[in-house]
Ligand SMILES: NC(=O)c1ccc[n+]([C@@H]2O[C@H](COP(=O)([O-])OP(=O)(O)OC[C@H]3O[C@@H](n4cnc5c(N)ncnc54)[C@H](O)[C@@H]3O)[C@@H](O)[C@H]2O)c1
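The chain below stands alone and is given as structure tokens, in the form predicted alone.
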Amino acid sequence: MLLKNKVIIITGASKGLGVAMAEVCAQQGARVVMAARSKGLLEELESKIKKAGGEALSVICDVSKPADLKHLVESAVDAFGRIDGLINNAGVNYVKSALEVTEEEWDRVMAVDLKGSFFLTQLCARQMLKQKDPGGSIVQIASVHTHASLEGAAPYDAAKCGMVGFSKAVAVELADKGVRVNVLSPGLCRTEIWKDIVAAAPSESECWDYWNANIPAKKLIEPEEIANACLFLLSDLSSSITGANLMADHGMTSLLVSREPYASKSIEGG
């Protein structure tokens, strides 16, 4: 087991990627501390993990509130004695023109996606350094938006790019102290977001046609795939990696332009 007896905090754990992260970490022997605002969904996941023989603790937490972050860290230490890993997964977004974003919407995205991630990183790193056998691994869930953008994503992109920036700074600062900090940037995943995208499209087939032209692998990323990437970054298998931003996107950010909807003829330079 890659995470045997390691204590891992996961935010945004009540649905989507967070559920897969909690389950994969628990399957690999971790004691998972799951944080989100939804008490019912967290308790269901905690019960499921325990029935499978794992160790889990659910903590109600709004990551935009410093007091909640402090309570989360204290709860993890009280229950399991230490913290070995953190996945900063919680996030919000408003798909809206930059010219129409309100101050309230901007502040909400920054509070959750950037401020919350920074201060939970700070709290967990402090704990990792002061405990017996100091050290740990922190994984920030950003997005392919840290590489390129699309319309209606200005606050989200600002927050996620900020996450990459502060993570590199913290990674450099803590590199000789045994705490690693990396960013994982997923592409389009089969989560609630995909359902919303399909619902907004003229038809599901047209939606697939568009995204298949923009994703080289021609498929969505499954939540378990992102969870496994987190597992790698949390484990000792990635012991030499810190300060990185890993794109988990089926090649999306490597594609120059979308696929042609026709077969090209041979082109010779000249």
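What you see is a predicted model; the values in this text were computed from it and never measured. For every residue, the number given is its place in the sequence shown, counted from 1.
This next part talks about the form predicted in complex with this ligand, which is not shown.
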item: Options 166-174, 125-133, 99-107, 82-90; stretch whose heavy atom lies within 4.5 Å of this ligand in the predicted complex; value: 82-90
item: 4.5 angstroms heavy atom contact with this ligand in the predicted complex for Pro186; value: yes
item: Close approach of Thr121 to this ligand in the predicted complex, 4.5 Å, heavy atom; value: no
item: Partner contact for Leu45 in the predicted complex: this ligand, 4.5 angstroms, heavy atom; value: no
item: Ser64: touches this ligand in the predicted complex, heavy atom cutoff 4.5 angstroms; value: yes
item: Joint contact, Arg31, Val179 and Asn182 to this ligand in the predicted complex, by non-hydrogen atom at 4.5 Å; value: no
